[in-house]
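A single chain comes next, written as structure tokens; it is the form predicted alone.
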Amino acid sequence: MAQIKQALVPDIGDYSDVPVIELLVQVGDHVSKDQGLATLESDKATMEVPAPFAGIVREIKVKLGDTISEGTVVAMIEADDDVASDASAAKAEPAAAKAESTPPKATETAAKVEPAAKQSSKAPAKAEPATPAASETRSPPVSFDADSVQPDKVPYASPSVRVFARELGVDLAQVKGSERGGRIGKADVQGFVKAALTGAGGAASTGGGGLNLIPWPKVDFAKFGEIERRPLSRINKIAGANLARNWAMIPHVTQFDEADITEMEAFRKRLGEEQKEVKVTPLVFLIKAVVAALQQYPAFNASLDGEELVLKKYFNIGIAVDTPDGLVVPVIRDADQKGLLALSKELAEISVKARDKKLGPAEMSGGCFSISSLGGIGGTAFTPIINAPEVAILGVSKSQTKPVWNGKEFAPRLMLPLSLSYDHRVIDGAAAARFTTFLARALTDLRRLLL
């Protein structure tokens, strides 16, 4: 008979405990290689778990609402091509049980299944406790004593959730887990932070305790007229909690400036006439100018990690994209190594994927600095909220033709409003003013980008 194999969740980047929102197959269905088995919805994108090989689905290991991570067994599939003995088929069950109790990474599965199967004639293999990766074994910012690390006192949470809580300064001992067996998930940590920010309870361990805000007002809006209730999308709920945390915990300051883009816009239009295959937008010029500014002022291309500043040597730029379900921020990697046309093509591709909810985790992570452009809509200035763990974000409003004094007379010039929000713990006002001044000069005279 054909061998029954595990279909595992592949590498999904830094995401963990991602909920299952749709099952795409049923037991007995024949699937082809790379066909979707289930749909997951992360913080800001949906993704499908593909079948690693063709075959018949014999068992589905997850259900709607389950939260799964890389290495979780999604289904058992009877492979089309592989043939094994009856004994081999019998040995697969204990290995599958082990994989379900302690989901391994996809690259470890093949090595772990065979030893577990050899023990099946005596007793099922014991699941080994998961150990955090070396990069995750950092000292927590919250204090603890010997009693707090006893097995019955340690909060029940995965290593990735523990790292996430430490990054937010949350003591997991104060968080109530809502998952099976009282396990604490990422959503529980986010809910705890949100409750602290709204004064609904709990206090994140941020060094200064909770915010001690008064409770959120409760109003019966129907008393005053007709209303309609509409649930928030998952993107809005997650983004709202993140933005509230960032606004409350980062000391924001916004520097405003203007850039004369008269010549830049004329060049952009000429370039567009020559390059019919790809649309060249002002945003790609902004990306190139921002990269040049980050190279000139490295503190803006950094992140805070405890009492250390992590200076990045790469230049990945996040671009805020407006979608029907909310704002998402895909990342253009290695923007310093790409020309205007390459950036234009990539920007068009990720914008379409964002609106179609087809962005993968890798396309949403690793950003160094973000740009939020409202130039196509309107406005004169705004205060963008920093996308932690970044330390700055650039907001761009609608350009306007204004009379500008050139030393002899007022001349019409196309002026682009710039709004730079920055983390005042890392960047002071003088550095921010230098950054926007450099940015404005680069946009005014594109030849400066060649220096």
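All values derive from a computational prediction rather than experimental measurement. So that there is no doubt, residue numbering starts at 1 and follows the sequence shown.
Just so you know, the form predicted together with a small molecule exists too; it's not on screen, but the next bit is about it.
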{"item": "Non-hydrogen atom within 4.5 angstroms of the small molecule in the model of the complex for each of K279, D322 and G375", "value": "yes"}
{"item": "Contact stretch among 70-78, 251-259, 302-310, 279-287 - heavy atom within 4.5 Å of the small molecule in the model of the complex", "value": "279-287"}
{"item": "Listed residue (N246, S351, N316, S158) with a non-hydrogen atom within 4.5 angstroms of the small molecule in the model of the complex", "value": "S351"}
{"item": "Listed residue that, although the small molecule is not shown, lies within 4.5 Å of it in the model of the complex (heavy atoms), from R355, R333, K194, R183", "value": "R355"}
{"item": "Partner contact for A381 in the model of the complex: the small molecule, 4.5 angstroms, heavy atom", "value": "no"}
{"item": "Contact label in the model of the complex: R166 to the small molecule, heavy atom within 4.5 Å", "value": "no"}
{"item": "The small molecule contact in the model of the complex: L347, any heavy atom under 4.5 Å", "value": "yes"}
{"item": "Partner contact for A362 in the model of the complex: the small molecule, 4.5 angstroms, heavy atom", "value": "no"}
